[in-house]
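Just one chain follows, in the form predicted alone, and it is written as C-alpha cells.
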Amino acid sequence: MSQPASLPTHAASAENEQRERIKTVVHANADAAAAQLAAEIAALIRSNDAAGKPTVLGLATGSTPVRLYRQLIRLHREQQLSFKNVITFNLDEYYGLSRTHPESYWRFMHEQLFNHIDIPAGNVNVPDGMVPRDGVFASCRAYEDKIRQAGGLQLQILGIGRTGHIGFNEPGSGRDSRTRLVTLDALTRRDAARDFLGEANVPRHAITMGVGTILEARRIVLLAWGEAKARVIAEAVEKAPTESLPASFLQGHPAVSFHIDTAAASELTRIRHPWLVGTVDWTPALARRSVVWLSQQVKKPVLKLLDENYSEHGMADLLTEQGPSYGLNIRIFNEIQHTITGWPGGKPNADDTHRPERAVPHSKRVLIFSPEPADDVLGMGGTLRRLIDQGHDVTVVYQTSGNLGVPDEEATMAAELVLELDRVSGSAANPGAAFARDVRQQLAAKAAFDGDTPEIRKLKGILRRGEARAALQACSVAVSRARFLDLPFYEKGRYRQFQIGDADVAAVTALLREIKPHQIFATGQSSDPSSVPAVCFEILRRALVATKGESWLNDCRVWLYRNPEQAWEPAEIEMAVPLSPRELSWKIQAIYHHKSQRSQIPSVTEGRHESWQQAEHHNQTIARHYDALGLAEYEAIEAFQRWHLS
C-alpha cells in the first residue's frame, strides 16, 4: 500500500534534484528510455518465471508506450523472452467503443503488442467499453477483484496527458478513486480529435483505473516524451500533490520513477533554472537565461536590475564572477538586442558580426520544410514573406499530404464543388467529375470511424494542396516554388503509428542535393517522437547525415521554428524577426486559407482554439516579452533557434 501523498518518499540523489519529489531519470531520447525499461520488464519476467510465479503488468495506451512495446517485441523475437506466464491489465478504455473499433484500446494493444508476442489470450485484460450503463459499476468492481486475484500489479506503466491525467483520471480525481466511468476533459478530447477524424467523434466518457488502484501497484514507471509534456511533468514532480493534477499523487508511492526524454525534462528546475538548486558553470548562454529570468521575476527591464536583485534571487555568485550588475546588464541586453533582425536571410553589404545571419551570399537558396500543409505559415508565415520580399530563392517543401487531418465534411464539400462546376459547365465527359462522384459515394457509404479509401485520401490531399498554394500566394510565394513530397511513411500510416522507411529519407536527401540550400528552416525537433513534425524532422536529420561532408552543407545553416503551442523563452531565441501590424495581418490571412484545419489544433492558451488565433497570440506574446526586457516594442515577433547537425 502506498504512503500518504503528503509524505513524498523520494530522497534526491544529487544537489540539483533537491526540488524533485519523484525520482526522475532523463534519457537522451525516447528509444533509450524504452530500451532500459524493456530490459527491466524482461528481468522481472525471467525472475518470476524461474520462481514459478506469474508476472502481473499494468499497461498503458497512446503514443507514449509504443516504443516500449516495440522493444518488448524485439526481446521476444531476438532473445526468446516469453510472455506465456504474464498477465496484463490495461489502464482504461473509451466507453461506447467495441473491441473492433479502430480507436479502441483493446485493438490498439493487440496491434501494438499482443499480436506479436506469445501471451495467452486469457491473460489479457482491458476494461469493457460496451458494458450497459447500469452494469458499469459492477464491471469496474469485477476488474478490481480480478487484479487482486492475480496477486496485484507488480509493475504499472503510465503515460501522462497535458491535463496531468494518468489513465483517464482527469483533474478533480481523488487520490483514493477506484476503477470507474469518467467524463473526459475537453483538452483530452481535443488532443484525440485527429485519431477520431474530428473532435465530435471522440467519446465523452471512458472507463479507467482510479488513482488509488494505480497507487496499489508495487512499482510504477511513468514515461513522457516531447516538450508538450514538459510543463505538466515539472508540476507533477516538483509541486505539492493536488487533485487538479492527478499525476502529482504519485509522489506518495515508495517505488515510483519517471523516465523522460530531454525535451520533456526541459521545465525541471535543474534544467530550466539550475542556479536555483546548486552551483553552476556560468556559461554565456546560462548567464543570459538567468538574467532574463531575473528580469521577469522582479518585473524590471534588464538595464534596471540592481546588485540586490541578483543577491536576493540566489545569483550572487554570478555577480561575483561576471558583475557588477551594471556591466552584466549591458552585456546581456546587447546579446538579446542582437537577436533582432528584419533580415532573416542576412542583410546585404552590412557588417554581420552581431547579426544572426550572414550577409553573403546576398541571394540565398532557402528550403522551408513544412511537415504538414499549414505548419509553414503557422510557424513562420511573416518570415517567409520577408525572405521573398528580400530577393531570396525560397522553396517550400510540404513533406506530407496532410490528408489524415481533413474531416470528411470538408472532403464532401470539395467533391460537391467539383460536381457543381461540372453541372454549370455542361461538359460531357469530365474525368474529374467522375472521380468526385466516386469519392462522394464512398464518403456517403463510409461508416463512423472507418478508414479512408485511397480515393478519399487522394481528394483530401488535393484539398490541402489547394489550401497550401493559396496560403503561399498570400505570402507572395509563387506556387511553382512549392514541392509536395507526399512521403510514404505518412501515406502508408496513421497517427501514432508511423514508421520511417528508406524511401522517406531518400526523397529528402535527393531534394537537398538538388537545391544545395544556404538556409534550411524546419520544425519538430522537440515534439513527441511519434508526431508528424517529429517524424519529419528525424527524416531531415537522417538526410543531412547522409549528405555530411558535401561542400554545400558546410555553408548551410539550419534554423528551427515552432508551432504556436510551443514557445522559446526570450533567452533561448537566436533570431527574432519583428512583424508590423500589417505583416501580422498578412500572416493571419495566409493561415486562414487552411480552412480544413480550423479548430484542429488542441490549445491550452486562454481558450484560443482557432489556429490563426493561436499564432497571433504566440507572436504577440514573444513581442511583449522582448518589450518587458527593455527592448523595442513590436507588434509581433517570430522566433528561431539555430540547430547544429552535431
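Each residue number is its position in the shown sequence, starting from 1. Since we're looking at a predicted model, the values are computed, not measured.
Form predicted together with a small molecule: not shown, discussed below.
The partner is absent here, but in the predicted bound form a heavy atom of 105, alone among 105, 95, 83, 521, sits within 4.5 Å of the small molecule. Note on the partner interface in the predicted bound form: the residue among 160, 380, 406, 315 having a heavy atom within 4.5 angstroms of the small molecule is 160. With the small molecule omitted here, the record of contacts in the predicted bound form names 167 to 175 of 472 to 480, 297 to 305, 243 to 251, 167 to 175, defined by a heavy atom within 4.5 Å. Not one of 88, 140 and 213 is positioned with any heavy atom within 4.5 Å of the small molecule in the predicted bound form. Although the partner is absent here, residue 64 sits close enough that one of its heavy atoms falls within 4.5 Å of the small molecule in the predicted bound form.
Contact between residue 496 and the small molecule in the predicted bound form is found at the 4.5 Å heavy atom cutoff. Under a 4.5 angstroms non-hydrogen atom cutoff, the small molecule in the predicted bound form lacks residue 364 among its neighbouring residues.
Although the partner is absent here, residue 229 is a contact residue: one of its heavy atoms lies within 4.5 angstroms of the small molecule in the predicted bound form.
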